[in-house]
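Heads up, the chain below is alone and in the form predicted on its own; it's given as structure tokens.
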Amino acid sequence: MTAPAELLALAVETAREAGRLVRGRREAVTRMVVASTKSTPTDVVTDSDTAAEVLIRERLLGARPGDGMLGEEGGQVAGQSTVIWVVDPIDGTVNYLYGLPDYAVSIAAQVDGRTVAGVVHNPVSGETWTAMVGEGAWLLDRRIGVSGCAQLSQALVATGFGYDARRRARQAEVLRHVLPRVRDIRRAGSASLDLCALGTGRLDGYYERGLAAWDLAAGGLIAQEAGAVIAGLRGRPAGPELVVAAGPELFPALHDLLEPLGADRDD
């Protein structure tokens, strides 16, 4: 079995190279052009998303040709090894499109379906978060940890919204009930960066419906290794239905706030 440290080293090198590519392309133009859309007209893909995923695939599979890959833009590449790379070339594409600095390159390595290493790199700030299973989480060369907030009323909580109009309306209704119960809400527009912010203590909690594997894999491992509890509602695992994440002292209260609101439903 390949050591997680070897997988992480390759992921970090690749994420930083992809970050240089996408930042350079963004700085070279006044306004990015939408190349295509996905689930709705607001769910956009730029040429930079595609170019970055091609670069990542070439670097990862060039170094490890037997591995598989699951990418947001390019779909799944089957491999012969037990390693699958889960990749979001630009998490926060709308931010990237508008020139906002909250976007990231996210790469995770899964072995037999379990995430063992992950990196989230913000090309604008230069911040790079990393984690290996059982080894803690790091921001550059500093070990990180969750905030320790235990009171919902004092919690700074992040969330995000889907692209489908019906889902967005439902999420707004849930938020209407959450907002009076917490310190405040943040919506940065990048799930991986939200999860890293949680792990760094910049947020106390996070929840969102509709995350895909590439949104959750690297950032989720980083948050977990920093001490966060990450799950769905009613004992279910975190996944597309809902991701709830917070430190162990806060998680029960955040879960119990979201559960009767049906935060994992669209109707």
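In this text the structure is predicted, and so the values were computed from the model without any measurement. Start at 1 and count along the sequence shown; that's the residue number.
We do not show the form predicted in complex with L-MYO-inositol-1-phosphate, though everything after this point is about it.
Screening Glu225, Glu208, Asp67, Glu53 for any heavy atom within 4.5 Å of L-MYO-inositol-1-phosphate in the predicted bound form leaves a single hit, Glu208. Note on contacts: among Ala131, Val157, Val120, Ala191, the single residue with a heavy atom within 4.5 Å of L-MYO-inositol-1-phosphate in the predicted bound form is Ala191. Each of Thr93, Arg187 and Asp215 comes within 4.5 Å of L-MYO-inositol-1-phosphate in the predicted bound form, counting any heavy atom. Judged by heavy atoms within 4.5 Å of L-MYO-inositol-1-phosphate in the predicted bound form, the contact stretch among the candidates 123 to 131, 158 to 166, 136 to 144, 110 to 118 is 158 to 166. Taking L-MYO-inositol-1-phosphate as positioned in the predicted bound form, the only residue of 58 to 73 that brings a heavy atom within 4.5 Å of it is Glu72.
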